[in-house]
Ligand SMILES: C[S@@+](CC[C@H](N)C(=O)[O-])C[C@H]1O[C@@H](n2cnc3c(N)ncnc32)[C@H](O)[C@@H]1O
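Only one chain comes next, encoded as C-alpha cells, the form predicted on its own.
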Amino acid sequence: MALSFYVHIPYCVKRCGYCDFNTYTPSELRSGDLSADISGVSEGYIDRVLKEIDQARSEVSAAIVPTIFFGGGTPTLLEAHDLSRVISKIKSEFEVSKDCEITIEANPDTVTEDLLTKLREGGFNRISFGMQSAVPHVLATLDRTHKPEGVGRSVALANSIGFEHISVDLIYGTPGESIADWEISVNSALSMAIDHISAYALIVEAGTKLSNQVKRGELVMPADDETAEKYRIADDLFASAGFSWYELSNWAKPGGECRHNINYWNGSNWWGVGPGAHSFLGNERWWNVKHPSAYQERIDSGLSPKLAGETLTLENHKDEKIMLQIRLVDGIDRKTLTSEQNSNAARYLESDHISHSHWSQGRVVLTQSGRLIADRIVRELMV
C-alpha cells in the first residue's frame, strides 16, 4: 500500500490578511515573540509529531511512502534539524520510495543559505515559495512580510544548493491589482529558474481581516470578468514559457509536477500529521483537533489527536472522483459516467467549455474557458 504524509506546521510570525488556514501567531498563542524562541517551540512540537507517526505505524503497519509534504503555517520557521527528524522517523517506520518527493513550503524572508543547505542535506528535494505577487502595493494589501526582490534571491539560493524542484505560488484578484500588475508578477515568476507555478484566485474567507475590510468598504474586490482575464493571461504566458497546465491552478515544466498533490487529486491514501491535519485511508477520512495545545494534550496523554471523521460510501467516492478528476489535464473517462452525466457534459461541447478532440477519444477534458466555470460543470455532472 502507498501512503503519503502531510506534516502540518501551525506557526507564523504574522497572519496574512486573507489567511484562514489553521496557523497561529505569537499573539494568538499568547507566547511572546515566536521568531525569537522558535527553537523551543520547534523541538517540543516535533517530538509530538514523531509520536503521531508512531500511531500511524501502529494503525497502518506496512506501507510505501511516495511523497512527504511539509505545509503550514510557515514550516521554515522551525529548525532544519527538527524538520529533518520527521523525515528520518518516517524512513525508520515505513519503506520510503527511492524517488520520494519531499516538499517544504517556505516564505521567502524566512530562508537563508544555511537553512536551505541543512534542509537539502536533511532530505528535502522540492521547495515551494509563497511569492504571491511581485508588486509592492499588492503584497502590502495581502499583508505579506517579504519584498518582491527576496523571492528571486531565495529561488537562486535553492537552485545553487541543489533542490531538484522549485515552485512559486501566485495570487491574482487582489483589490487594487491591475492587469498590468498581474503581468508584472507572472513575468517576474517566469524569469526565475523554477519548474512549477501555482496561481490561485484570491478568495474572501469569512472572519479574516480581508473579509472585514471588504465589508467595511475599505477594499473592493475586482469584477469576476477581470479575475477570469487574469487567469487567461497567466495560462497563455505560462504555456509560452514551457509550463503546461496539469491541474486547474497548477502548471509545470515536464517532470516538475507536484506528485504529492496529484496523489490527493487521484484519491490516494495520505496521513496528515499535526493540528487540524486531514487524513484519508481507504474509505475513511478524519481530521485532528485544531489547536496546538489540544493536540499536545492528546499526544502527551497517549491518545489519538483525531477529532472526528467519516466513512465514504460508493456514491461519495463517485462524486469526489468527478470533483477531483475534472480539475486534471486528463479529465474524466466518459465510461465512468452515466448516460445522463454524459448528456449533461455534452452540452458544454457547443460552447467550447469541453474539448472536442478529447471527447472523441472518450474523455471529458476542460478547455481554458471551461476551467473558468469548472464548479458549474461539476454541479451538472453530480446528478
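All values reported here derive from a predicted model rather than from experimental measurement. Sequential numbering from 1, following the sequence displayed.
Here the subject shifts to the form predicted in complex with the named molecule, a form of this protein not shown in this document.
Student: Please run the contact check for F21 against the named molecule in the predicted bound form: heavy atoms, 4.5 angstroms, yes or no?
Tutor: Looking in the predicted bound form, residue contacts with the named molecule include F21, since a heavy atom lies within 4.5 Å.
Student: With heavy atoms only and a cut-off of 4.5 Å, decide whether L202 touches the named molecule in the predicted bound form.
Tutor: Residue-level check for L202: yes, a contact with the named molecule.
Student: Answer for S167 alone: is it within 4.5 Å of the named molecule in the predicted bound form, judged on heavy atom distances?
Tutor: Contact check for S167: no, nothing within 4.5 Å of the named molecule in the predicted bound form.
Student: How about R126 - does it come within 4.5 Å of the named molecule in the predicted bound form, if we only consider non-hydrogen atoms?
Tutor: R126: no, not in contact with the named molecule in the predicted bound form.
Student: Honest question, do G73, N107 and Q132 all end up within 4.5 Å of the named molecule in the predicted bound form by heavy atom distance?
Tutor: Yes.
Student: Can you pick the one in L78, V96, I171, V289 that has a heavy atom within 4.5 Å of the named molecule in the predicted bound form?
Tutor: It is I171 that has a heavy atom within 4.5 Å of the partner.
Student: Considering non-hydrogen atoms and a 4.5 Å limit, which listed residue (K230, H196, K89, R144) is close to the named molecule in the predicted bound form?
Tutor: The residue in contact is R144.
Student: Determine which one of 65-73, 317-325, 49-57, 354-362 lies within 4.5 Å of the named molecule in the predicted bound form, judging by heavy atom distances; exactly one does.
Tutor: Going by heavy atoms within 4.5 Å, the stretch is 65-73.
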